[in-house]
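Presented as structure tokens, the chain that follows is alone, the form predicted on its own.
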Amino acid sequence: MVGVLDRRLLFVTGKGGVGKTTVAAALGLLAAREGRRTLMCEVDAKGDLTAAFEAGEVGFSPRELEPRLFAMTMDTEESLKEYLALQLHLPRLARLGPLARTFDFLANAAPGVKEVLTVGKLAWEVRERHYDLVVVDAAASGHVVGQLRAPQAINELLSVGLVREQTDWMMELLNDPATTGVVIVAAPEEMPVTESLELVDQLASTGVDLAAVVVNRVLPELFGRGEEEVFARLVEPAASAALSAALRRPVHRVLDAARLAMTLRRTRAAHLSRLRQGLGPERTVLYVPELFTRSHGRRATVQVTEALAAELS
């Protein structure tokens, strides 16, 4: 089996709100710390990827955030300009003008055109070996399949020509499990687990390999059986009253919080079990613990990086 960071192109996806961008940032940082020249790309231009490093905005041209770690934001018009300059040797125009309107027409008439410019740019960076690893903060789970299938969709529309030749090598690169993989980020909750299992099945139509499933915000086991027996006695009214009297302050809020933590842990454990069973023993599953702190920013990114490093060691 190919290790997650042994590949050269990773698409990180997941249901909104599960920490997809933080995990993408952490994978990029981990690869850079291990000595790989790494490019991170955000496809939706929200700025969340660089916010994970508190590094300000970036554009289409990659900017180095940390040693060996570069970041960029996808821009399909800029990607088209670069493609025309590289493949047709046209000058890099400031504005595409009428060509841009033609491009918009084609993109609306033939779904997948804009997506293939996104995937093509990233695949080209890999093919040209500008970076050891490209980590993509990809579209959410509901849209990533269309993004990954774009080269195949364009390939099916065209039988000959330059564009067909371009999609041929893209598909070869995307369908090589030693080169490309998808990382699905999930959370131990019902809907993220359901969507993750559905996405695993849908990936078969793309030809892209599943590199790993990262389960974010996993609660630690706070109480063993022995502690639970003690806790069960403490929450009894008489014991709780005696403890409050001894400490000279009410303890019911602490006990309620402990009860909630136990309930959440057991509920999430059931979802984790369903995910693990649905994936099967051959899939790589990595676990990131609940941080109990701010879930974004550089500090959170470093904590997730360290958790993934421990899982992958």
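Note that residue numbering begins at 1 and tracks the sequence as displayed. Just so you know, these numbers come straight off a predicted model, no measurement behind them.
Unshown form predicted together with a small molecule; subsequent notes refer to it.
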Q.
Under a 4.5 angstroms heavy atom criterion, identify the one residue in Ala239, Leu222, Met191, Ala178 near the small molecule in the predicted bound form.
A. Met191
Q. With the partner removed from view, which of 211 to 219, 197 to 205, 165 to 173, 225 to 233 is the stretch that lies within 4.5 Å of the small molecule in the predicted bound form, judged by heavy atom distances?
A. 211 to 219
**Q.** Distance check, Leu291 to the small molecule in the predicted bound form, heavy atom within 4.5 Å
**A.** yes
Q) At the 4.5 Å heavy atom threshold, is Lys15 in contact with the small molecule in the predicted bound form? A) yes
Q: Answer with yes or no whether His296 is in contact with the small molecule in the predicted bound form, where contact means some heavy atom within 4.5 Å.
A: yes
**Q.** Touches the small molecule in the predicted bound form: Lys46 (any heavy atom, 4.5 Å)
**A.** yes
